[in-house]
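In structure tokens, one chain follows: the form predicted alone.
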Amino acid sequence: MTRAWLDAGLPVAERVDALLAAMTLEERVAQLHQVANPDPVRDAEALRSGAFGTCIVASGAFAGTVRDAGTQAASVNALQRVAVEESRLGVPLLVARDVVHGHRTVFPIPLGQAASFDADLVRRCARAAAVEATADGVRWTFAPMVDVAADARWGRVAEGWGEDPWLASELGAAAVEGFQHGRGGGGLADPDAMAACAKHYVGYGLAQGGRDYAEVDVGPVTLHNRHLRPFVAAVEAGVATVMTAFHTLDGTPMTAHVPLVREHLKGALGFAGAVVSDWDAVAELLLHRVAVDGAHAAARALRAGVDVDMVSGLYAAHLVRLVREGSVPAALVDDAAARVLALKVRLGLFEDPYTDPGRAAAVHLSPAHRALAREAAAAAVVVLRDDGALPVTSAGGVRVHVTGPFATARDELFGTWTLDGRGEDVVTIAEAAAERLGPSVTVDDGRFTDAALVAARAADVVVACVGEHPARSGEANSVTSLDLPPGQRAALEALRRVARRLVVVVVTGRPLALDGLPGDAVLLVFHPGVEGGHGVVDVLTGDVPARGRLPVSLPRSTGHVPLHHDHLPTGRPLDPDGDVDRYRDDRDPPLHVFGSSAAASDVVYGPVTTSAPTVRTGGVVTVRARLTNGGPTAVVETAQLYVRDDVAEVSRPVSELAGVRRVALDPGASDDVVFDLTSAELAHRDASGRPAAVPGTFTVRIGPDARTGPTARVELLDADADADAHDDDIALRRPADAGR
């Protein structure tokens, strides 16, 4: 038999067609079957017969919170040796694992990386994770999660990029590029590249009540403009795979959703990669009560466009029979198998399915990766308040006491979905403080509050490290209260009564309700990873300018969620500075707004100017503002561009993030931030997902957060419209008091 699929000189499609032609129906179906944790001895016969095409190495359905033995190149090579050298067609296995925010070098959780507002940093973290994971034989990761989440009760908010669709799109695409673009320039074929997976398609961030797996109800305009946008960006970035979500959307489980998966994702968006179900989700169609038995569930999922059945085994059990009896078209199996095989070809697995066993020791926790982890950890720190307590210093004999459960925490700094990090690799906050500030630092872990109070009374500065354990975030870890864990606020109140200066460091996997939290300074740190101690102390001491920004709005209480800055206006707008609130027992606005930080409050934003008063469809207008650092220390300012459609055919958000620029400013220095705003960024999508750029005026704002900053106006014109006629049309359809 001529094995044309082994000819690397042929186009991918021709190699796949040749392989499909040589395959039996059973072998093609097997490519759609993913198993968990295969063993080269126990499963040798299945490997020889090509009974499954991909595998996931995981401790189980809740791998994000349960550690396992992990992967090693030697064990993966043993699997490949049987699959490639002892099977009829020599089709390699594709090994997958959840490499979400690092491998042996653990970076901040995605929500922490999102606080950087820095796509390049996210890209570099994903690149380092891919280098380390592929050294252990992993060539497919189920990341990035690009769900847009506004309900902090949902544990999986930790895995994503926050509440904003623009930020989720930018950072999600950057993560895709980092995972998939190998160092050798060969794309996925490079041995240190791994296939990314955009998940969870789609709308999972709207799980009702913040309860994992719960139903979602959302209108098509909101779906296209908020929740589908990051997936569109991931597809445009070349993401290799997409994972369907567990939930139902308007009554249909995403694993069986023909309009959104097969018709929209694979059709309208042109996604040519493979779609994988979430863990056991094909079988769960029975529990959703939309399938009568396993065969029915398998048929529904395949018809919807799910190419790979993760671990349920229903494709393997039923699809061959369903095709032979005519219940399922053979073309659907062929298309799904072709997508899986094309991915294996693109990954270069047919040329070299093996991994060099010596690579891991050279790249795991390399100095470069640790340095990157430290940089990322510092960027995950957001200063919420500073009443002159920062920077923390030991100069002049100042005594510093570090206390609290996170003072000496190690693997608790990792956060959720950390499968391969090791606690012994972690630098604690207390260790980093002692290393930086010297012997004047004293430490306790806060277990005995009476002892902590005695030590705090003797110190000049108390750094109290509190927060939530990573077991309280991630999959299946929703909460009903966004308060600090029990007892922590009381401990802080007690410290406040005895401390000369109290600096509070809150380590968390989600936005928390921190209204009234005591402290002369309060820092929020999203689980910062293996170099979390160094990163936090770098910011505390001022060695690194605090540049973290909130990728989520912080509520005043749990009752404020869901909460997001880009909400729709109402017929009775609320004045955030007024005396009237809708809640009777609290203020309406968030405690801390999206994009904000107290670290650069001395930066002054000058007027916003535009290169022209109008922009035509297909055109670009330049928007700029001058920033001046009026404070005594150097800062890294994250300037944010927001747009608002003043009058639209559908109600559009009060403001939408459209760009970010970072600028370093010495004391007294000024610099311009410049944005090229395209007409496409002023458009919205209609109920069918088509872009709609409706002529009219837009308010553009450049500011330090989602609420403040100077504004200007720009008018969008039709590409070939007469300006005067257009002005008349706008006047006719805009009420006289529009925009008030």
Ligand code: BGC
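Owing to the predicted nature of the structure, the values given are computational and were not obtained by experimental measurement. The numbering used is simple: start at 1 and walk along the sequence shown.
The discussion below concerns the form predicted together with beta-D-glucopyranose, not included here.
Contact check for H101, F179 and V530: none of the three has a heavy atom within 4.5 Å of beta-D-glucopyranose in the model of the complex.
Using a 4.5 angstroms threshold between heavy atoms, Y605 stays clear of beta-D-glucopyranose in the model of the complex. Of the heavy atoms in F246, some are within 4.5 Å of beta-D-glucopyranose in the model of the complex. Using a 4.5 angstroms threshold between heavy atoms, Y642 stays clear of beta-D-glucopyranose in the model of the complex. Contact between K199 and beta-D-glucopyranose in the model of the complex is found at the 4.5 Å heavy atom cutoff. None of R339, R547, R156, H565 but one reaches within 4.5 angstroms of beta-D-glucopyranose in the model of the complex through a heavy atom, and that residue is R156. Contact with beta-D-glucopyranose in the model of the complex, judged by any heavy atom within 4.5 Å, is made by just one of E637, D136, D118, D278: D278. Residues within 4.5 angstroms of beta-D-glucopyranose in the model of the complex, judged by any non-hydrogen atom, belong to 278-286 and to none of the other stretches in 430-438, 662-670, 227-235, 278-286. In this stretch, 304-337, the one residue having a heavy atom within 4.5 Å of beta-D-glucopyranose in the model of the complex is M310; the partner itself is omitted from this view.
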